[in-house]
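So this one's two forms of a single chain, laid out as structure tokens and tagged structure 1 and structure 2.
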Structure 1
Amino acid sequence: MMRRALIVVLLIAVAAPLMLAMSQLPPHGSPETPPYTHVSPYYLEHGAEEGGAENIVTSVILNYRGFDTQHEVTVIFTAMAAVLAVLLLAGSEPTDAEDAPGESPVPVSVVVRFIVRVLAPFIALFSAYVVLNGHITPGGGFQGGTIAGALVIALSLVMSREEADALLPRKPEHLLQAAAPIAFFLTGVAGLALFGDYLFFPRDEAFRWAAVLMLTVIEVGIGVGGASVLVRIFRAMRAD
């Protein structure tokens, strides 16, 4: 009884200041809040110049909150490792016999096979465009990587295992899955070595090319890593 009472008292002691703080917050969406009166106008006014990207969203994600985004891609990689660990422990990792072509009881439609193969080059080109132009137009590594990963998965469903493995080889896939954290780390170290701060993007007009190059490296790393994670999880679940 005493233990339950102590737990209730502790919960109230923790909840009371949190509820008090929430009661003093401005209404949700109020135009008087700091994000609307200070943060957003500053980003819109200085984002392209300071962030190194014409696309304000990219400037915010990869520059102003670059540390947060680096932690995000690290969490995604860690989550992928955890999902694969569960699948491997459950015995879902496909073997050569399980993943051999022709094992599916439902044959692939000739129409589906033709459409996927015809559209594949255009989808791949669009994926590359989304990744490489993320600093100019809406898009970037996350979106382009998702498109590329979905394309590889679609192709693997209409191709033999050997042909599918040629699209994304299994041997270097562990390195490819970590491409996003590695790209962030290398870019951050480059900023530290060249400009004195980790993950620093040069703001001088003379070095704008360096900022664009650093942003592009991160975008490509995120795209490659995201696509590899999606494909790897699909391969691990394919035996089911």
Structure 2
Amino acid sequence: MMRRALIVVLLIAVAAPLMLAMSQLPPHGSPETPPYTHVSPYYLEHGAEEGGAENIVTSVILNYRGFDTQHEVTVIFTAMAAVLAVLLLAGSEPTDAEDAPGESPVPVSVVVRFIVRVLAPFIALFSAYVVLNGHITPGGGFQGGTIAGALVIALSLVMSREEADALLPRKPEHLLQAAAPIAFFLTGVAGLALFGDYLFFPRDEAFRWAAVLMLTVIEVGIGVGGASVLVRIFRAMRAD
């Protein structure tokens, strides 16, 4: 009882100053607030032509704040490396799992198996669509990559281990997992070599194709990298 009272007091002590702060913030939804009048008008005005993508969020992510996103994808990679550093065990690559290959250990209902297999090609198509249309519709590499990763995970649930492991090639595995940061780096260096600034996307109409190409390379890189990392994390946890 005492403990509960203490916690309530603590929560009120945390909430009160926060509520006070919130009440003094510029009014929500007003177009006069600093966030809406300072930096973002520039993005909204120029984002479409300078940023190379009609979806301004994509412009901001990949172009104006591309350096952030380069390290965001590094965060994903770090998560994978961290999971592997914690879960890998001595003497066994977990993809060659300790448990015997064959049917997945938990029996899967026929309905689930059938539906996953039927839907798989459509999900794959959808993920490719989301990756490639990130510049004009909501979506992009992260979202599409997640869909692709989820697809592989769903398939691994209904397939035997050998079949599931064959879904992703083993040889270039490490490169695929690092695809996103590498794509960013290569694009950045291309910008540096051709236009003199790291992660520079050409803004001239004449070079628009180059900007679009760079955006696409990054989106695909993020998609491939994100999906492979997700699948690798899943496999590490499964093998354990």
Partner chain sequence: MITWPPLLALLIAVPMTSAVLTPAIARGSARRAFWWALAVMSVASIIAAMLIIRVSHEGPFSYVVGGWVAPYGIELRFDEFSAAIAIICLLGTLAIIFSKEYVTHAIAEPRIPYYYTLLLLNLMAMIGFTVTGDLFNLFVFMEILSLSGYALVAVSGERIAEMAAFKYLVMGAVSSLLVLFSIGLLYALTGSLNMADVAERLDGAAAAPLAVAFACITLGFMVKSAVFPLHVWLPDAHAIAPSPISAVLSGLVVKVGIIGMLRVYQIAYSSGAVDMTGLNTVLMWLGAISIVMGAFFAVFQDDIKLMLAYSTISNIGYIVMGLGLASTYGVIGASVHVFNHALIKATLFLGAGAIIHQTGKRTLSDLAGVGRAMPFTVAAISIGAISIVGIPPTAGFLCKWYIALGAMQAGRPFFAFALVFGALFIFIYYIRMVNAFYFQKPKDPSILEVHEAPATMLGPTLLLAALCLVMGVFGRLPLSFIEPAVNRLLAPLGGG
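Model, not experiment: these values are computed from the prediction. Throughout, rigid core stands for the largest set of C-alpha atoms superposing within 1.5 Å between the two forms. Just so we're on the same page, residue numbers count up from 1 along structure 1's sequence.
Novice: Which number belongs to the form predicted alone, 1 or 2?
Specialist: That would be structure 1, which is the form predicted alone.
Novice: Kindly check if the Cα atom of E205 is displaced 2 angstroms or more between structures 1 and 2 relative to the superposed rigid core.
Specialist: The answer is no, as the C-alpha of E205 shifts between structures 1 and 2 by less than 2 Å after core alignment.
Novice: By how many angstrom is the CA atom of P34 displaced between structures 1 and 2 after fitting on the core?
Specialist: Rounded to one decimal, the shift is 3.5 Å.
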